[in-house]
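Structure 1 and structure 2, given next as structure tokens, are two forms of the same protein chain, each shown alone.
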Structure 1
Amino acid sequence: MLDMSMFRDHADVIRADHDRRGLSHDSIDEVIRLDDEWRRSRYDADQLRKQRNEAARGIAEAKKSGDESAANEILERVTDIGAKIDELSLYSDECLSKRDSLRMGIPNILHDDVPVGEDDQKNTLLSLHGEKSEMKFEPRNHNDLIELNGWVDLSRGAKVAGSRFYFMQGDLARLDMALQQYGSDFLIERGYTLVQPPLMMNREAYEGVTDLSDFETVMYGIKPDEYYLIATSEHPLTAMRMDEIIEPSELPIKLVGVSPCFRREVGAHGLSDRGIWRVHQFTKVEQIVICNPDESWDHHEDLLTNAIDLWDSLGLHYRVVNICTGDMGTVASRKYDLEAWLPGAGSYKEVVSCSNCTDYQANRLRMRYRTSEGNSAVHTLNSTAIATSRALVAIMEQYQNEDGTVAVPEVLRPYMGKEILESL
């Protein structure tokens, strides 16, 4: 959520941002109008409250000195003031809540270097890492590999839960655990604190970290309790300091979260999504930074560097892209993706997403740090380290052999105790 001062003093910046995104200015104008209306009615109500408080003080004074008639006289003058205040307050509260629910839907201001474009076709290539391995055979896609080796039981997953649920078993399940262990060790080594978050969050905390439309398309709601299963540990880890004022000496806060992630994936269909590429539940190792606003762009580069070093160490071929305006979403100001090469699919596909959300989440979460000029919003950043299901797909497709076996990446062998994954 953008700070109100942006709308009052720099509305031109928001308008220019909407132009880059191809959005109309209607909701900006409406926020400004409602703000104006709120301030006006709020001021009027405050003046009435002032009268009421003065009268209340007068009554207290009169009663203290035993002058009942003076007290009654004041009382008579202000009998209907309460009703007037209620009426005005109701209106101003309405303006305020309309203003803010509209404001929640207005996206973050994009960084200047975000390329303009309608969809992911316009994302720009930043760098290439590793090399396409020479395969003297027709590479299988991961869906064929899991079937051939018996590592994933999709049909029984569908039976006991639903489509896109699965049982992962044998050496692939072990490799999943090895990736979690390796990924978190890698970041602990770099000064991140390992955190296991709650896997459900309440509505208020959740609204602080995500786009409202995600409640319909992404998150599972838990009834009868008003809980939501987390779609990523980014959400609880970022919301962790909600409603807090953080001492500057505590910054930057660097966390590595490991958790299952739950996603409804409403509207996602198609052949390209077979197997475990797009599923309702997977495990993810996530990096989080909460920092001073002056440092967030440096931390953004650091998060990307961590992801790059980690994926390089796995010996995988991938590319880094700069996400364009149309592919950006509401919360991030700038986002890099890592896209791994999938020989079986013959394409690069998203495995890591690295975002600087600037003060957008912090404003919603009322998450501030102390400065000599008062309290001001921190910046929040997040980046995938390893989403295990997708890393597994990349490993299976890039490390596959002609006979359908799959080699274990060098750095994971100590965790696995073997060089080749065994089939079931």
Structure 2
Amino acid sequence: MLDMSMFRDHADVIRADHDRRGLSHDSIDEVIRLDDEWRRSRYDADQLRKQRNEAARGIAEAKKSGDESAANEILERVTDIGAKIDELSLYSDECLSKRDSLRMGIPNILHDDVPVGEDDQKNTLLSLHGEKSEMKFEPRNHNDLIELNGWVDLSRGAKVAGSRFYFMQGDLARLDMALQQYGSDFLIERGYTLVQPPLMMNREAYEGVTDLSDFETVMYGIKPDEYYLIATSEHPLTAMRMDEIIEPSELPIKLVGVSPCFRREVGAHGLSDRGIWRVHQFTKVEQIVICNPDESWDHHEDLLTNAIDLWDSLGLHYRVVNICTGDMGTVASRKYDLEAWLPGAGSYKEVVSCSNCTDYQANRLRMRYRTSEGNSAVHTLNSTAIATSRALVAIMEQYQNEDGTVAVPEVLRPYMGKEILESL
């Protein structure tokens, strides 16, 4: 969330950002009003405490001098002060709770270079990578390829767990594992520390990394323990330093997380989202950076470079887009997406999301670093390296042959020990 100083000293910046997003100023104004009420009630309570302390001294002096009448007179004047203090304290707590609850839903300040637009149709193209495969046959979509080769059993997955769950088997399952290993090795060589995170988080930690009022609908909650299955390793890896003061010598912290991810994916989806494209469980290799605020935009470009170099090495055709205001969520200040070309679907679809969240998550997580002027919020960044199920779709569709076989990208052949995926 935004630091409270932004509302007190730079409310015009927040209002201008809401104008870019096409949002009302009502929540901003209410946060400021509640903050004023909170500060006023705390001040009034402090003044009453001073009166009570002065009265206590006056009563003690009067009794010491034997003037019971004066002592009783003072006592009568301050009899109800305790009740008033309790009332003001309760009111100030209510104002604080409402203020911060509203503040949690107010989005991050967007970077100046975020394009203005209503939805994803207004995202702007940054670059194109690789070449579209010149196929002299009608390309199959990944649904046809997994069925033809027997690599995914959707019906039995639905039988034991429900729709959008699946059994992956044979060489496609091996290729999934190869992608995990290759993506991890790729980032480890660039100075990232490999971490396998817990697959569940408590509510407090989850509220620190995302807007649960919006994101909770796509997450799996676990009752009665009040945990959530993680939707991405970004969330536990970012939250792992919550409530900590980080020494400057530790920064930047660079992590690569590998984990299963769980999402409900509610709502209707198109034909191209079927198969293993939009599923309830998948594996992801994720990049995380926690850094000094002065360096975060350089790290954002580094994360994008890592993703580009990784996907270039797979020999895939894709594009990089700059996400517009209408397609941005609550947390990120700027976001790039990589969208892979799917010949069978005849469209580009998102495979990587690369975000700078500035101090938004750090403020919610109370995550600071030590400075000579005091403790200050770090910046947090995240980027997909490989969401394996979507990478598999891109590989299948771009590396397919006319007979329905699929070639293995060259960089993955040492992990697979073969050049062509075998059917079951």
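Under this definition, the rigid core comprises the largest set of C-alpha atoms superposing within 1.5 Å between the forms. Please note that residue numbering is based on structure 1, beginning with 1 at the start of its sequence. Because the structure is predicted, anything quoted here is derived from the model rather than measured.
Assuming the other structure does not fit, state which one is the form predicted in complex with the RNA. Pick structure 1 here.
Superposed on the rigid core, does the Cα of residue 164 end up 2 angstroms or more away between structure 1 and structure 2? Where the cores coincide, residue 164 shows only a C-alpha shift between structure 1 and structure 2 that is less than 2 Å.
Does residue 105 move appreciably between structure 1 and structure 2, meaning a CA displacement of 2 Å or more on the superposed rigid core? No, because once the rigid core is superposed, the C-alpha of residue 105 moves less than 2 Å between structure 1 and structure 2.
Comparing the forms between structure 1 and structure 2, say how many degrees the smaller rigid part turns relative to the larger part. The smaller domain rotates by 25 degrees relative to the larger one between structure 1 and structure 2.
Given the rigid core as reference frame, how large is the C-alpha shift of residue 49 between structure 1 and structure 2? Answer in angstrom. A shift of 3.8 Å.
Displacement in Å of the C-alpha of residue 79 between structure 1 and structure 2, rigid core kept as reference: Core-aligned C-alpha shift comes out at 6.2 Å.
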